[in-house]
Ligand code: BGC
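Only one chain is shown below, in structure tokens, and it's the form predicted alone.
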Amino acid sequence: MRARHLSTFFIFFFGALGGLLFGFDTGIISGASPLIESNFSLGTEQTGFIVSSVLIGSSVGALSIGSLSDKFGRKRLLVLASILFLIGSGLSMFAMGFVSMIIARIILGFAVGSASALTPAYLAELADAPHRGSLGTMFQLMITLGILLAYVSNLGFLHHNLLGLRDWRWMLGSALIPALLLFIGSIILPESPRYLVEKGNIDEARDVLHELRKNNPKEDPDKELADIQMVANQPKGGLKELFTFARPAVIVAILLMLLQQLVGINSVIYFLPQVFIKGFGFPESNAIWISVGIGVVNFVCTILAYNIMDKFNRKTILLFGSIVMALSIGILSILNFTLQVQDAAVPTMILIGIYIFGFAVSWGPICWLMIGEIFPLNVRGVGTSIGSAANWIGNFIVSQFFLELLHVFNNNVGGPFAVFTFFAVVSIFFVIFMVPETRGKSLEEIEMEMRHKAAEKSAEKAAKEAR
């Protein structure tokens, strides 16, 4: 089915649906894991591995999907990811023990990692330059919505054993609904016009561009097509390009995605109930409600990001977020080392909310947006894969060591957050000195600027060698 049969909203909504499943499948385990642990009589190490096994699959999925998407297209691989979501969700729901649950979670990880690498590139290639920020932010908005829906699903199914199935099975099985939506949507979504041009399907690319730009009279889809063709006709270096003129983009993508995790966001997403149970002695029910509240803050602030993303420079927003995060969790750390535990609980809750605000309007959406923007067309799939894999590696580091850090500091949350503060400060200097500005530029302009800078450096090097 061609794009002219579909609304633009449909295309971007279903294109970003991989983000919802990404968030849902990472958030759902927080409520289900204690129930699985008691049902299967598992040790804490086994339960921890069930939580983190999805990250193993995600890293592999993110790394492997990029070159495949450059070869076979974004659309086909989105269909494959949706099938993996369906299989992984179904196997999780009906897992009979530790081993079968690990297998199901790793399959889910392949799907989540694939979606995290595919979707940013796909959305960036569909969007026009003036709106690419807000439309690219839809991916992060869907992630936060997925996390929030996962928390709501956990609360809704808790203690409800329906049709002879335990509550945690319904929690995990509820992911089948968005997985089915993604499968249906990905079948009828159009292919990326950039990929179509790369493969010589010019007429189909023109149809897709005209449909996507029909509500924006300021955009000229034929000129955009000509620009895409110009870039597609550049000499191809294959993967060699990643390590020559595109090397700065690789470095920026890796550091963006590592720092996005090393500022500690997923310690809050995964372990916030445990922070308030272990650190402040809160009852479990209260702690879960706090995590729901934080999920709401995360989602609402990402809606704000969606609305401001094309009004301010990317670097300005990133810098604002870094400063807000560094100040909020820096103060949080100091308070938890200087106040009595009971006096620090409410300020900690407020400061985590401010920290979530700082992250959700900046580093949350912009990192995913930029890894879809900064790579050349013919290696964009591989480039976004490398960035996405760096994100999952950072995620794994934080999720594996957070509880250990909490233990080292005798359950004082000031300790882990002091470490996260250090990386938030590092992120300030990284943004100032290394991150390029991409707002308002077409993907082709960004690529040609990169090629021009690389040519200048090459000429300078040749001139020096000739002296």
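Computed from a predicted structure; not experimentally measured. All residue numbers refer to positions in the sequence shown, first residue = 1.
Heads up, the form predicted together with the named molecule isn't pictured, but that's what we're talking about next.
Within 4.5 Å of the named molecule in the predicted bound form, do 122, 193 and 378 each have at least one heavy atom?
-> So, no: the whole triplet misses the named molecule.
Which single stretch, out of 342 to 350, 197 to 205, 364 to 372, 181 to 189, brings residue heavy atoms within 4.5 Å of the named molecule in the predicted bound form?
-> It is the stretch 364 to 372.
Quick one: from 137, 92, 391, 291, grab the residue that has a heavy atom within 4.5 Å of the named molecule in the predicted bound form.
-> Looking at the other structure, the residue within range turns out to be 391.
From the list 359, 110, 276, 168, which entry has a heavy atom within 4.5 Å of the named molecule in the predicted bound form?
-> By the 4.5 Å criterion, the partner-contacting residue is 359.
Quick one: does residue 143 come within 4.5 Å of the named molecule in the predicted bound form, counting heavy atoms only?
-> Looking in the predicted bound form, residue contacts with the named molecule include residue 143, since a heavy atom lies within 4.5 Å.
So in the predicted bound form, does any heavy atom of residue 298 sit within 4.5 Å of the named molecule?
-> Because a heavy atom of residue 298 falls inside 4.5 Å of the named molecule in the predicted bound form, the answer is yes.
Should residue 328 be counted as a contact of the named molecule in the predicted bound form, where contact means heavy atoms within 4.5 Å?
-> No, residue 328 stays farther than 4.5 Å from the named molecule in the predicted bound form.
At the 4.5 Å heavy atom threshold, is residue 172 in contact with the named molecule in the predicted bound form?
-> It does not: once the named molecule is placed as it appears in the predicted bound form, residue 172 has no heavy atom within 4.5 Å of it.
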